[in-house]
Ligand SMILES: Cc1ncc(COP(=O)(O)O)c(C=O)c1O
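This document starts with one chain, in the form predicted alone, laid out as structure tokens.
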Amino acid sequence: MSHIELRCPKCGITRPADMSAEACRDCGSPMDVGYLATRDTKGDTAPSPVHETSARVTLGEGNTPCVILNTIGGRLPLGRLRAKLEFLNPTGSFKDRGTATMLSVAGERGVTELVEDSSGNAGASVSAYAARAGIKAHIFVPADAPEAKLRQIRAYGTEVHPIAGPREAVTAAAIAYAQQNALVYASHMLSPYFAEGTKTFAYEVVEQLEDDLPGHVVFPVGNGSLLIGAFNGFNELLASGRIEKIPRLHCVQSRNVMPLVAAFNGQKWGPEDAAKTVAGGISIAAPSRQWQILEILRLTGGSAVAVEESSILKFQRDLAEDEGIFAEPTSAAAFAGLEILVDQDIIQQGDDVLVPATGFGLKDEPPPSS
């Protein structure tokens, strides 16, 4: 008997666990993993949807370090600014946390071929873990995705399907291909198992920082899987008594693609207003879990801000030149947003802040200086 089911986080409807990325049949929300029974971990270890430890597909993901950024933190100025170096995961981004769980469940359920769509990092991650698990992967990508990311995806022997047009066209093509060929659509945007895997971020933060938890965590957000997973993890740790309070969680987007910022702040914005951004990892004009992200921001006292392209590139340079951290533009966007949050006094001088550096700079190199 399985110890999990799929539950709608919006209306509570449940159904037996499977590999379907199908949304709730009642309200249309993406589903989450629900536990029917868990072993007593006293809040130390995140519960897992994987039934047998031997079925885990892993490349050694997680346990990424938190490092203090003295120069940028002092410039803002903050009490303590830390970066959690998520780009030190096996394929160079935080996505490995979610992929490891999603592919472990897929392998356990006998999946031999799957489909995913990604602007880069998730595609590389799913490709690597699928290769590890002996599963054939089809990755649908934007035709203009960064070549560095496409090279990485292809390196794992994946079949790559470039699709012209907006990001939403890539998703539509992937879904159609999966349906036409009766394959599993292993979507990092919709899969309940992917979101479940990112919870380990919160568990590690608590383990690493113990009684010195930050008051704020600032995320670059596209589909929001890391923010959602972090919140769920912190919430479990709060319920177990391991922590007394959840940090305030904040969302940063590019001003060129800002559906969450607009919705949270009551601004007018639609997918037709989207423009190309250097922060390709958060270039999502219609997030599938938008309501869930907005609810998390409200529950934690968080906020949502948009940043200019020039500010993203400035912080990418500052992170490298002042702190020795070469992060991709998507990661740098969160630091640009942090500056705005401090300027707006949402995060106050002297506060402790954590920012995940979500992806490595070599995966999405900056444009040459003019």
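Quick note: we count residues from 1 along the sequence shown, nothing fancier. Quantities reported herein were computed from a predicted structural model and do not represent experimental measurements.
Although not depicted, the form predicted together with this ligand is the subject of the following passage.
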Which of 102-110, 203-211, 223-231, 138-146 lies within 4.5 Å of this ligand in the predicted bound form, heavy atoms considered? The stretch 223-231
Single option in Ala124, Ile282, Val217, Ala186 placed near this ligand in the predicted bound form, where near means a heavy atom within 4.5 Å: Ile282
At a 4.5 angstroms cut-off on non-hydrogen atoms, which residues of 97-112 are near this ligand in the predicted bound form? List them in order. none
